[in-house]
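One chain comes next, on its own, written out as structure tokens in the form predicted on its own.
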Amino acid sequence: MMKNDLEAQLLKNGGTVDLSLMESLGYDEFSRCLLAEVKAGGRVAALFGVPGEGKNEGLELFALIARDRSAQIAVYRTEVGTSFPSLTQSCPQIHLFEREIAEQYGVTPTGHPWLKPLRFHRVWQGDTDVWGRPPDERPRPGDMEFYRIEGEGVHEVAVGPVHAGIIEPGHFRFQCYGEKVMHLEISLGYQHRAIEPMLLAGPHPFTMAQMETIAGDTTIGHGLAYCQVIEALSGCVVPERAQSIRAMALELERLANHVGDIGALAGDIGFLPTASFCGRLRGDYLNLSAALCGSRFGRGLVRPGGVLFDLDATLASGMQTRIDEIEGNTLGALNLFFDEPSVLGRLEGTGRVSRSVAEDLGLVGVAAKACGVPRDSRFFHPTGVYRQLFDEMITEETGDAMARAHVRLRETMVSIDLLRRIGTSLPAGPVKVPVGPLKANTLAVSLVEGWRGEVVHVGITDAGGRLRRYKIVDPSFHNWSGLAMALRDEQISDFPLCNKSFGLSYCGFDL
């Protein structure tokens, strides 16, 4: 037992804690525990504010620390006033969480080295935000002072928010010396939809549809994370057959996006055989999702209590046959890509991120695994069929664009194998059960390994069993900082390739 176990509530993935039984630490003790957890190998899965329920109550902070090796999540709680000492300089992975809290609640993390707006929205409560704006004044996205490097020969390049092709908006500000990038600052917020505030006092009839569009390419990942929170809060036990179908949908989502991303990388390099073939293969995997539920993106499938569509014997057999056919084409297109010397020469050494930087920033998913950092919720915090079927932790060592592409290749093979194993051993039984009322004054946490990385959802109920706070952390929230570091000392012409190799979501970050 760690010393901090005396102060923390320890949960498993999908677990709950009765907040009436959970102590609130003083901020100094809260800080000490967080820093000790990270030093011991934990990572900050979520850090967020919760307004007090009384009119004059302060702001509570909750921190969730993932202890991967012990499959535990440590939960800490404290209360702050109008300000609190920043921990960013001691723990860089808290950087964006503190900026988020400052923007949402007008509470200042004093000593924060990079305190800027994150999503450029109105302050949620208080008379002014930390930049002195009244609560009804919405700042314009990207309207801020950017970091600048001065000196002879140094120049600045601004890219976006409008980009070529079909792509979401985001602004990138480069500080360059000739073609060499010395610093990249990323400013997002153009896609902000205020999803978290809309979830308050829920669940609402439209909540599930909102979850499925947090990041449209992660419909199953976010939808499943939400369902697991609601099921934990209601005490619902999901049927085994439904858990198997959910896992199949999650792996199909992973396959469609990994194959699509490798195709996009091929297109960026100009290697057209794989670029064109992967576009078709992505469609094949999306069509399997459509066969499962009628939606190529899996919408309408996962619901609290199970799934809305069963998989009969004929459809299950047909899907397995189709997977066998697609597997050969997938291997052919991807092996062609990774066997081409000109492709390897373009990817190897480009956009490298060290393991120490990845750990400092708290990177997750593909971006972390490419740096040799083992991060996969299916392995460390499994739920459903992953408890029995997932035992392969994939990592690479070089941390460059090649490593990120190769993680996708290896995960593609694992996902095809999982689909085959799950689909040929579907348990009998129902696919959905009723969901009862939610427990009052309770916190529930759910971790799901989406195709980009770990999706974190946390729900907190009030005394009436309605959602008092709902926190969402998309993997892109952690990983955009990794992209900024990957561009250090790179040629600015390598930015599109580095960006594609991370494959991050703008709207998943902006919420």
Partner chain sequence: MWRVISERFHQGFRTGKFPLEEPKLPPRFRGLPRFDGECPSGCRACEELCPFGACAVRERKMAIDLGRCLFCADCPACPQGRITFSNDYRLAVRRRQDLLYSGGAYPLAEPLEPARLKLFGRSLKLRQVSAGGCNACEADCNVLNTLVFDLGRFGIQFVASPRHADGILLTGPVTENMRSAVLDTYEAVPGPKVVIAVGACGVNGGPFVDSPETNQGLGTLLPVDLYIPGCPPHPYTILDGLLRLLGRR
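As the structure is a prediction and not an experimental result, all values here were calculated from the model. Numbering follows the first chain given and starts at 1.
Another form, the form predicted in complex with the partner chain, is not on view; read the next lines as being about it.
Answer for residue 206 alone: is it within 4.5 Å of the partner chain in the predicted bound form, judged on heavy atom distances? Residue 206: yes, in contact with the partner chain in the predicted bound form.
Is there a heavy atom of residue 191 lying 4.5 Å or less from a heavy atom of the partner chain in the predicted bound form? Contact check for residue 191: yes, within 4.5 Å of the partner chain in the predicted bound form.
Does residue 88 reach the partner chain in the predicted bound form, with heavy atoms at most 4.5 Å apart? Close contact is absent here: in the predicted bound form, residue 88 is far from the partner chain, nothing within 4.5 Å, heavy atoms only.
Does the partner chain come within 4.5 Å of any heavy atom of residue 155 in the predicted bound form? No.
Stretch in contact, per heavy atom within 4.5 angstroms of the partner chain in the predicted bound form, of 104-112, 69-77, 350-358, 269-277: Careful reading of the contacts points to 269-277.
Can you work out which of 416, 182, 394, 290 has a heavy atom no more than 4.5 Å from the partner chain in the predicted bound form? Flagged contact: 290.
Going by heavy atom distances of 4.5 angstroms or less, which of 83, 441, 210, 398 would be at the interface with the partner chain in the predicted bound form? The option sitting close enough to the partner is 210.
The partner chain in the predicted bound form: contacted by all of 166, 294 and 309, heavy atom 4.5 Å: Yes.
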